[in-house]
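Presented below, as structure tokens, is a lone chain in the form predicted on its own.
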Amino acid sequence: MEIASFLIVFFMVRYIRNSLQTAQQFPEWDRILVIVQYAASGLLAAEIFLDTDFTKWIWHLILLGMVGAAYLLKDFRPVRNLWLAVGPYILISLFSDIVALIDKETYKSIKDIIDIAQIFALVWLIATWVSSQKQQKALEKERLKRLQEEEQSRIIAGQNVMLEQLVAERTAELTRQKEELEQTLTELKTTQDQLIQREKMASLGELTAGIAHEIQNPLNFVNNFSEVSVELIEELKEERKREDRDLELEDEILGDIAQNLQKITHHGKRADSIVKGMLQHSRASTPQQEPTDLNNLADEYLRLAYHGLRANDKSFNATLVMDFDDKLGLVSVVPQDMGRVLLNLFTNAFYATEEKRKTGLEGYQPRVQVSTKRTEDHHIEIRVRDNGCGIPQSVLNKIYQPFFTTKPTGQGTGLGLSLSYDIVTKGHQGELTVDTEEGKFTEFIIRLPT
């Protein structure tokens, strides 16, 4: 009895302390439970050495007190099921001792029944204890799961707050970027017309070197014939001072002077036409069309583009092929606009042949051809063909888009073909098409209605 009571007290104290975490949650109760544990050990020792029956009533008081505390005290409510486990054993033991104290004969007659009841009470206690431990583990597992869920909820809540802050910051940033993009778009729209006009004027710069070369030839002729004419005039003066004047020689000198003056006039007009063409090209385009000799226009701009390129690169040479239709006649176009188109096509053709030449292809000779033709369906065709590097199929559908260029940065604005396409299709109701094979040739075809 005493050992059983001691074990019950020992495990009850341990169970209560572990279940309620009294060392952290209820330090005062924890001290009392430790005292009870020590008191039970002392009581067991006293009973063994003193051999007295008085101690069994103290065991009853301790057990009843612990069960009553577990059932009645608010702090011990989580272990209230404790009395269900040990209650039957305590009641049977208390009943047995009371009966033995009052009537020993009766006690002897029912002792076997009491012993059996105590065995069942111990079995019940053990079964309840095992069940309680399982429940305790399940509850602990549930508690840990709940704590984990709470922690996850707390983390998720923190992440939500952080995400909301990030979303707010990102929204503010996107709003700011949107406003900046709108402002930039406004500025781009404002400057787009300026860029287009600059592209038109940029072609004038491409003409400069070619014009310098072209205008130098007639000026050289003018200078040379002027100097010769001055010498002839001096010779004529000297001849007239002689007493034996040679009239035939004087007539011959006068004839040479007249021829020189005619040549000076011819080359002066040539220089004048070049300057007028340059001035006409630099003027803003107008929708006013006028009868124009396209053969002469194509010839002039082809030479200007070629000499402009050679002015920058003396090593460049190309074969120029002109196949003009003598029956073409005058065609109604805007000369300065059509000149811009031809200059752009010629410049691109020479650029393509130069790029192919730089590859070091053996036996390669740059070749640019321009031809004109009056077709049977009453159209005028101008073809500009080169044997350069061609246009890749992947970008062929983009070449007329504004600002698209295959040239390296700084060598092209991407507006040349776009403006040329608009001039031909919108300004002259014509067509601008291209036929190309990468690595072999490119041919642009201008079709104008007559």
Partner chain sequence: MKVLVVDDETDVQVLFEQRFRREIRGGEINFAFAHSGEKALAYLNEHASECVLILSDINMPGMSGLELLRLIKTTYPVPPPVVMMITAYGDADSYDQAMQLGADAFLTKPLDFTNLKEKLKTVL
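Numbering follows the first chain given and starts at 1. None of the values given here were measured: they were computed from a predicted structure.
This protein has a second form, the form predicted together with the partner chain, left out of what is shown; the following refers to that one.
Checked against the partner chain in the predicted complex, the residues 294, 121, 318, 334 give one hit for a heavy atom within 4.5 Å, which is 318. Out of the listed residues 161, 249, 144, 138, 249 is the one that sits within 4.5 Å of the partner chain in the predicted complex by at least one heavy atom. Checking 108-116, 176-184, 218-226, 335-343 against the partner chain in the predicted complex, the stretch whose residues place heavy atoms within 4.5 Å of it is 218-226.
Using a 4.5 angstroms threshold between heavy atoms, residue 314 counts as touching the partner chain in the predicted complex. The partner chain in the predicted complex is not approached by residue 351, whose heavy atoms all lie more than 4.5 angstroms from it. Among heavy atoms of residue 84, none comes within 4.5 Å of the partner chain in the predicted complex.
Contact annotation for residue 267: at least one heavy atom lies within 4.5 Å of the partner chain in the predicted complex.
Annotation for 227-243: interface residues with the partner chain in the predicted complex are 227, 228, 231, 232, 235, 238 [heavy atom within 4.5 Å].
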